[in-house]
Each structure stands twice: as structure tokens, then as C-alpha cells.
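One chain comes next, on its own, written out as C-alpha cells in the form predicted alone.
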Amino acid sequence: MVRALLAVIFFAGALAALAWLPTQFGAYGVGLLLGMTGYVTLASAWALFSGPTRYVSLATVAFFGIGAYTVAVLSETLPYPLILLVAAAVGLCVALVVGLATLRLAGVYFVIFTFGLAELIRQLVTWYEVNITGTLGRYIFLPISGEQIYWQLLALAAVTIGLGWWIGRSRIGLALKVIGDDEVVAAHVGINIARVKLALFAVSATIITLVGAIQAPRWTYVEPSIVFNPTISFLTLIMALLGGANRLWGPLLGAVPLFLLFEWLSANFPNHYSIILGLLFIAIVFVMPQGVLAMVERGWSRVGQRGRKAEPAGTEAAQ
């Protein structure tokens, strides 16, 4: 009980400090904080479903773009809080439809479908804008500052991490782990596999949709090539894998250093950025397939085992 209380106090203090940070930075610093917090939320939301189930989804940018375009379409007709609710509802509905149709797929088939889904939605939005509205993009004029966007993303990140903590300690979290280990076993022990997977996929997709909706006013001008950029899906995947997608703090530990690295690479090596991104992804998969936290835990357990093995020898020598 005391440890839990201390953890809550520490988490609240850290949030307060992070909320205070934008007041100490200029526009560039706020932009970095905003982008970093956005990717922390994306990676954490992605890991809610894909971490325990091991379903690798590349549909992140599909829901991100849906959120951004919902804001762009409704920015002049509805109040901003209501727009966010509509965006979340649209993302949830799309996730339920997609989930019902595809969560029976597994392995490479699920990966291919989710990547194709993102491209399909981008092409549909492009076709609609060009042929129906007669334009390719939309302007967003909302009186929302970078600091306000950052605070919204920070609150959403805290909710996402808190939700991940609760799921990890609930029956649904245990069911997800069993599903990730062996779906046949999960079915035999009475777990409703389709319902559990659909619920977590929908929650994850809704949070990702909200990230896109909250960040939309940052660009002022939105078009499909911006908000449906496949790089968003790949960056989210790499960040979650680096830290450890099946660990609570893994996505955060992967997102922060990689975001800063990618910002530096894109500024200094714009022509080689994609190549470096691909090489980094290959390196993570081969060197740290379970993430940094899992590698640290294995190293720590080996040190402990060596210490236990050396203890009897030291005792005999003393005698």
C-alpha cells in the first residue's frame, strides 16, 4: 500500500514537472516536447494491443490520419472539445469494423492487411478531396497554441500509461498474455479470444485517433501526404520494440531517445534519413527483439546467477 502511494505521488510529481517544462522553452523546444509526447502516446497505445498479443499492426497512421482529418473537416462547424469526441467516435467505429473483419488473421497476413488499410484510407481521402471537394488539403484555423497541444497530449499519455498499468493487472491483461502465447490454449481455457482482441484493438485505435486529432491544429494545413505518412507507423513500431512492447514503460523508454535521434538525423541527413531508419529497424529486430528492458533484465539475472554460483566457492575457500 505504501509503495503504491509513493508511486502515485512520484507519477503526479513527474506530470507536474513535465507540464511546467513548456514555460521554460521557446517555440522550438515546445515543438520538440510536443512531438516527443505524441510519439510516447502513440507507442504506448500501440503496445496496449500489439504488445501482449504480438499482433504487429501497421495501421497506426490510418487512425492518426482519421483523427487529423476529422478536425480539419469539422474545425469551422463544431466546438473543439466536441470535435475531439467526434474524432474518437469515428476512430472507434472504424476500429470495430476493421477488427471484426481482420482480427481472425494472424502473423504476416495481419501485418500486410494493416499496412494496406492505411494506404487504402489515404487513397480514399485523396480521391474524395480531389473529385468531390475539388481540393487536395484543408486549412485548420483554431486558436490553440503549441503549449495547449502539448498539455493535451501529456494528459492523454498519462491516461494511456495508466490504462496500460490497469490492464496489466486485470483479468483482461492475463487473457491477452495467454492469447499472445497460444491462442489454442486460450480458447480451451474459456477465453473469448475475438471479444478480448477486439476490445483492446478498439481502445488502442481510439487513443491513436485522438493523438492525430489533438496534433492537427499544429500544422494549420492538412493533406493526405502529411497525416497519412507511413513513416508514422514505422516510427511507432520501432519505438515500441526498442523499449519493449510488452513492458509498461518500454514504449516511453524507446520513444524519447529515438525521437530525438530521428529529429537530429532528419535535420542533418535528410537525403539518407529513410536508409538509416531501415538499418536501425533491422538492428533492433536482430540485436534486441524483446526490447531494452528485457535485455537489461536478462543481464541482471545473469549477474545474480553468477553471484550465487560464486558464493559457495568463496565459502569453501574461507573454510
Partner chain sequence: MTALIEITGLRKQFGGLTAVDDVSFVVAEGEIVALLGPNGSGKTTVLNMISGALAPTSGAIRLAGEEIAGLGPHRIAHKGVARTFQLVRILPSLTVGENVMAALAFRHPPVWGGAAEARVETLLEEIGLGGRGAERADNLTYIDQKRMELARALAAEPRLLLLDEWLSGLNPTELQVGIELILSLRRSGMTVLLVEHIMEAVRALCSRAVVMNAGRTIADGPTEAVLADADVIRAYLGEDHA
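Numbering follows the first chain given and starts at 1. Only a predicted model underlies this, so the values are computations on that prediction, with no experimental measurement involved.
Not on display, but discussed next: the form predicted in complex with its partner chain.
A.B. asks: Quick one: is residue 82 in contact with its partner chain in the predicted bound form, heavy atoms, 4.5 Å cut-off?
C.D. replies: Answer no; every heavy atom of residue 82 is more than 4.5 Å from its partner chain in the predicted bound form.
A.B. asks: Does residue 117 make contact with its partner chain in the predicted bound form, using a 4.5 Å heavy atom cut-off?
C.D. replies: Residue-level check for residue 117: no, no contact with its partner chain.
A.B. asks: Using the partner position in the predicted bound form, report whether residue 86 sits within 4.5 Å of its partner chain, counting heavy atoms only.
C.D. replies: Because no heavy atom of residue 86 falls inside 4.5 Å of its partner chain in the predicted bound form, the answer is no.
A.B. asks: Would you classify residue 143 as touching its partner chain in the predicted bound form, given a 4.5 Å non-hydrogen atom cut-off?
C.D. replies: Contact with its partner chain, no.
A.B. asks: Of these, 172-180, 92-100, 70-78, 152-160, which stretch puts a heavy atom within 4.5 angstroms of its partner chain in the predicted bound form?
C.D. replies: Only one stretch passes the 4.5 Å heavy-atom test: 172-180.
A.B. asks: Quick check on this chain: which one of 106, 130, 185, 226 has a heavy atom within 4.5 Å of its partner chain in the predicted bound form?
C.D. replies: None of the others qualify; the residue that does is 185.
A.B. asks: Just to confirm, with a 4.5 Å cut-off on non-hydrogen atoms, which of 203, 125, 191, 248 contacts its partner chain in the predicted bound form?
C.D. replies: None of the others qualify; the residue that does is 191.
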